[in-house]
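The form predicted alone is given below as one chain in structure tokens.
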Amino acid sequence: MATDVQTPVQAPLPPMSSTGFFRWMWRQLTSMRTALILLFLLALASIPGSILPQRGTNPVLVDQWITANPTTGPILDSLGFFDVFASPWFAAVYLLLFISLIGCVLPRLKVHWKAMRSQPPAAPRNLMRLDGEEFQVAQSPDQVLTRAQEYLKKNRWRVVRSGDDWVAAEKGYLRETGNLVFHFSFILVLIAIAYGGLFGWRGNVIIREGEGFSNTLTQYDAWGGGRMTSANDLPEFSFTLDDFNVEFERGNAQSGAPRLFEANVALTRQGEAQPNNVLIEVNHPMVIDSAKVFLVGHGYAPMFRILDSQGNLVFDDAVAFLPQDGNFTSTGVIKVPDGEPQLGFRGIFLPTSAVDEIRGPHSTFPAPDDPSVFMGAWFGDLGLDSGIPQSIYTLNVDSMEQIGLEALRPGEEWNLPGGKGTIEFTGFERWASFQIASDPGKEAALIGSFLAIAGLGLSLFVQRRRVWVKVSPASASGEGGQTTVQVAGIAKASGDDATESVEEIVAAVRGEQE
């Protein structure tokens, strides 16, 4: 008669406590796999900050990008893609990586500290299970172990001996040291970047020859500071661009490349009555307290003299035009709100003029060999009274009518159609673009980068190995003067082996090398 077999029912696991849950979460966060994933996510999150314009460095360009992309621009703006390095999601990845690295490194540091202070382990009972060699020599066990011990110490092994039984040795502790230094350097770099992001600042300004700059917030064309930085933290100084010099290569394969690129400025520091002459070159910035003034670009500023329809002088100045290619084909805008009527001009400045049917007006060389300017004129409402800020490099012609187009050379004048006024191209000046920045964390970041390279080198090129030399009499009675020697070793890292070390120790015991 068949009997029913009762299948035991496994009791459900008790619910995890809040303490156990947080312990599990901490183990997941501080695992090396999570740290690598977060490092990859941080690199991935940095891509938009490198591709898209950022408000911290160029807010005008951000506004232009959003205006030119009315569909995707507002969406990306709401997600923080135009201020990536200050966005909450970037900060979350950054902080999680920081915590994960600390959680990975600190326990390993404790283990490594104990390993550095400990002695090599005793020889295994069955040493020949490892890769090694067994042989006999006509020496006593003490002589064998002494010879092995002397050889190992001479070659900087950490050695421990147990009577006349065995010698154990270990080498390559710097491998794990390099590993820890490599990971600690990442923490240092993260701290340096965070400190620089909180307390650093940078701004850009375009200055024409003969004009000055004072280090105040209103003087910058674009400025961005960290969360812990304000305008009160800017060092007090001013300088005047006395002269800007640039020369270009001619008649060779590098024709058009700048050969000389320097700015002569008169610097006035706080508390100094007389200015000091300073030369600023590429990669040779001017240093003032915590700030550095870098020379980052240059261009042309055509000069115009404009009369309105009543014959009144309404504009007589130079306007910075922005280069669009390597030959300094440059574009710019002139706004005349005080004339009757209001006038607006778009211009293309050509240092060395050329016109063709495909490219239109363009420059064939960056030096001013044959300068000219192509002007388009409009009249109407410039929209400056609407309260909406405008870029000085764009002209809104929605409420304006075009007058005409004209090409001018220095000294030439254009009488606008309909008696709207006159514009004269009187010449040009040069301008230089400066970036003024304070990055207090860069020194620590540089140190962290060097430490990372050094630590990586140690972890790649240092091998962690253990070896043992074990001896016993060749015969049970110990007679005959023969000793059986067993030499074996292991490598502590995958992909390495201790074969070479074992062979060298065997040769030393046999007296084949010293």
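What you see is a predicted model, and the numbers here were worked out from it, not measured in a lab. Numbers follow the displayed sequence, beginning with 1.
Keep in mind that the form predicted in complex with a small molecule is missing from the display, and what follows is about it.
> Does His183 reach the small molecule in the model of the complex, with heavy atoms at most 4.5 Å apart?
Replying inline: Residue-level check for His183: yes, a contact with the small molecule.
>> Arg175 versus the small molecule, in the model of the complex: is there a non-hydrogen atom within 4.5 Å?
In response: Output for Arg175 is yes: heavy atoms within 4.5 Å of the small molecule.
> Is Lys292 close to the small molecule in the model of the complex, meaning a heavy atom pair under 4.5 Å apart or at it?
Replying inline: Although the small molecule is absent here, Lys292 would stay clear of it in the model of the complex, with no heavy atoms inside 4.5 Å.
> Does Ser449 make contact with the small molecule in the model of the complex, using a 4.5 Å heavy atom cut-off?
Replying inline: No.
> Looking at 421-429, 333-341, 83-91, 103-111, which one sits within 4.5 Å of the small molecule in the model of the complex if you count heavy atoms only?
Replying inline: Single hit among the candidates: 103-111.
> Can you pick the one in Ala488, Ala35, Val485, Val62 that has a heavy atom within 4.5 Å of the small molecule in the model of the complex?
Replying inline: Residue within 4.5 Å of the partner: Ala35.
> Since exactly one of Ser46, Ser472, Ser31, Gln463 fits, which has a heavy atom within 4.5 Å of the small molecule in the model of the complex?
Replying inline: None of the other options qualify; the answer is Ser31.
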